[in-house]
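Only one chain comes next, encoded as structure tokens, the form predicted on its own.
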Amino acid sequence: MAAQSELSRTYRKFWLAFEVSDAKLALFRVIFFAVFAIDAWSQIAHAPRYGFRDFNVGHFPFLDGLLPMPTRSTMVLIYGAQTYLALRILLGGVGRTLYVALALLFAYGYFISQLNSYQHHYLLAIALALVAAFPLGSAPAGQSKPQARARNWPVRMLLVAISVMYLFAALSKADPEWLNGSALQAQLPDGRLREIAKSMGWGFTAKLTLFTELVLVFAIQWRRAWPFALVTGIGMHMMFHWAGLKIGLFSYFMVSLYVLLLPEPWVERGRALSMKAGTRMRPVRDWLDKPGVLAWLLCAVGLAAGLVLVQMLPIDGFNALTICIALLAGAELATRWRRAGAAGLQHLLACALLVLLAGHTDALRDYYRFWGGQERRAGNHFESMLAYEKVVKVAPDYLPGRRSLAAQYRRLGHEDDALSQCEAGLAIDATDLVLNRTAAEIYSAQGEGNEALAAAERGLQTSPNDPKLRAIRKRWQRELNSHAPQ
């Protein structure tokens, strides 16, 4: 009976008495959802893969008949809304509704199709479901100090999920091909880390990786071992990132999860400093929280300006995304009518960050590039041309986009348009082989000998043995010399 009572106390201490400070939850919220927003936005590039020729394979067979077929426009909407919600959450001050909405959207986008998903996305689905179960920053009533702590079993559950992930990762490596190092040698790209692994011995490095994952299984659950887990876990995942493994933002997600293991005194000191800086903004926050005409006016301005910002994003289907964001903002505002001014301001900031992501990532460029390539391979050259036109509009200095658009113009008989793309690309890089060859062929077909010869000469500087360029140069050297005055 005593043993059973001790076991019960241990169980309750492990799950129900697990405490996390509000300061740590706030820091985790900012870092985790900042990474999530970047990841969700980057997934837009792969939206053209969905629903092409009515092909799809869900993660579970019953989903194929239960949920509607994902399409390019649908996935733009799903990923765009996820990005917006993540940005709203990282700014803070939102209710549980937005957490639940984000978890549901992510679950749909992940489980509906296997076309574009990393293995770690299942961990994100679990993390979002758990995060939706607790408000990030939930001090007990009457506690408002940075060191306020709350019992939080979902955080413990999230740490357990990470341990389970490490356990399965270690078990999957318990086979001869991994243990002798051959699997690691095949997976690791060329670089500094590969040289280090080779010098240490492939077998030893492989066994060390397995051992490290097994140690982290237990270290993450034992508070006294958290400093060791922090250094070891973050170091291991950053090495994975520096190695160039094709794992998306997995390493950054894991680093954000390790924030939950930071020593409380470190986090509380940082929170104290931020609160000192925040006291200067308290009058503004108090004014925003007051229900009044001016606050509602700011809310309306924030909503309108935010939607205008979203309309600036040059991507098909963004009218639907704008409507979706307006509905999400309106629904969230309805639950926070006493803080209308703050809600409008946060909406404006989230939309501004969304536009910033669009301008400083390659997601939109790659979205149109993948769409154009897909339509080209299917023989839909006019649709491919339209997509590549968007590529050069979004990324004017992207030479592969200029090459692809020039090729599509030629397939459709638009030689002058193709030539203008060549000239625009050569103004960026005069040595580009493909653009010089295309320009030389077009000029030669139009009888522009001097221009054809000049383009051929530039191209031959890059590829001296190119047969097409050599033939064009030979032709026009002969013809131009024969017409030269004696």
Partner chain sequence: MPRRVSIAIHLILLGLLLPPLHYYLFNSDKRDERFAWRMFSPVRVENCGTQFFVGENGAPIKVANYFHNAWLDFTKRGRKQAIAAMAQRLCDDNPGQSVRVRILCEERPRASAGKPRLLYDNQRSTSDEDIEVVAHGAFDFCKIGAL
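Numbering follows the first chain given and starts at 1. Computed from a prediction, not measured in an experiment: that's the story for all the values here.
In what follows, reference is made to the form predicted together with its partner chain, a form of this protein that is not presented.
- With the partner omitted here, the residue from 126, 230, 328, 348 that has a non-hydrogen atom within 4.5 angstroms of its partner chain in the predicted bound form is 126.
- Though its partner chain is absent from this view, in the predicted bound form it lies within 4.5 Å of a heavy atom of just one residue from 220, 395, 262, 188, which is 188.
- At a distance of at most 4.5 angstroms from its partner chain in the predicted bound form, all three residues 49, 153 and 250 contribute at least one non-hydrogen atom.
- Contact with its partner chain, judged by heavy atoms within 4.5 Å in the predicted bound form, is confined among 162-170, 297-305, 400-408, 355-363 to 162-170.
- At the 4.5 Å threshold, heavy atoms of residue 415 stay clear of its partner chain in the predicted bound form, well away from it.
- Remark: residue 178 counts among the residues lining its partner chain in the predicted bound form, judged by a heavy atom distance of 4.5 Å or less.
- Residue 74 falls outside the set of residues with a heavy atom inside 4.5 Å of its partner chain in the predicted bound form.
- Although the partner is absent from this view, residue 449 stays clear of its partner chain in the predicted bound form, with no non-hydrogen atom inside 4.5 angstroms.
- In the predicted bound form, its partner chain lies within 4.5 angstroms of a heavy atom of only one residue of 344-374, namely 374.
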